[in-house]
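The form predicted on its own is given below as one chain in structure tokens.
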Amino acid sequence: MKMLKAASLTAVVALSAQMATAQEQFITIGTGGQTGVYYVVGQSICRLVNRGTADHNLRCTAPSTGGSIANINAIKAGDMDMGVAQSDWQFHAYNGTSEYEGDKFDKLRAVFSVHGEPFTVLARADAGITDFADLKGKRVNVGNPGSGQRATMDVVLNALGWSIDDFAMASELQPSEQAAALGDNKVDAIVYTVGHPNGSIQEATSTVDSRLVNLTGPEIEALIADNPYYAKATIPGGMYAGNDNETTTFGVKATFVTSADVDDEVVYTVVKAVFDNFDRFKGLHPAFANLTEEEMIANGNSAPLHPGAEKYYRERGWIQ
């Protein structure tokens, strides 16, 4: 009889565990290459969400992806719930401009912005590249298709009146591959729209003598003046080996986006997990150290806020 009761108890416990698991709702966040800050953003958000799974039954994963445009497209297709994207591609997707002309994503919704992302050019010291104009005729990694890195490079080339054909070679390596390619002398320079400090740039500068390259001039000034999602940006000196001077360029914001089709309570829970643990979040990567709640809910967000995010911000008194 005791054995029967024990077996019954085991069955009840197993059934309860199955029911609890069945109640869990899984969400997926699109990120970027594993050496980039987008990957850390997604992993950090999931870490905070998953700390509270027992309370809200939401479980989060954040796989590596192709980056901004790939994430937006996956959200639009319903393959991902949320993702990280450059502020310019959030703008273009929602407004149906640039790459999204004729393919407007009306249901794209902003959640919050994260760190600034300077457009970064790093060249081998022995390649004879001292400014962006010297990239002509060189071997350059322009970034993988579908990434914000590649799309922003195309914007820069168009502004300068250049094309991919102006390079001796235009490789399309993933961010995780480009540092090794620079170190192995397979490319002369790499470009990356990314927050700093960045693992890929650290790897490259510690592997081979290399220099960050300024990107300035009237064409870049015009890009900044004509597009509200761009701003002047600087990379502090001393952050990377061999680069003691400040580097001047332009940049965007990393933003966290979703779809209007994603449940309000799901987005609310994710936002709450981040901002109820804000100091913990800021400690998860150096690029997050100077973030403020006020800037994250106001800057870089060109699509409407998702109602789930709005609900939390109103509760905190951050918006009316």
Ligand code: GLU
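One-based numbering along the sequence shown. Since we're looking at a predicted model, the values are computed, not measured.
The form predicted in complex with the ligand exists for this protein as well; it is not shown, and the discussion that follows is about that form.
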*asked:* Since only the chain is shown here, I'm wondering whether residue 42 would be in contact with the ligand in the predicted bound form (any heavy atom pair within 4.5 Å).
replied: no
*With a 4.5 Å heavy atom cut-off, would you call residue 256 a contact of the ligand in the predicted bound form?*
no
*in the predicted bound form, does residue 37 have a heavy atom within 4.5 Å of the ligand?*
yes
*asked:* With the partner left out here, check for me: in the predicted bound form, does some heavy atom of residue 30 sit within 4.5 Å of the ligand?
replied: no
_Residues 120, 153 and 251 are flagged as a possible site; in the predicted bound form, is every one of them within 4.5 Å of the ligand by some non-hydrogen atom?_
no
_Contact stretch among 42-50, 66-74, 270-278, 256-264 - heavy atom within 4.5 Å of the ligand in the predicted bound form_ = 66-74
_Residues of stretch 182-204 in contact with the ligand in the predicted bound form (4.5 Å, non-hydrogen atom)_ = 192, 193, 194
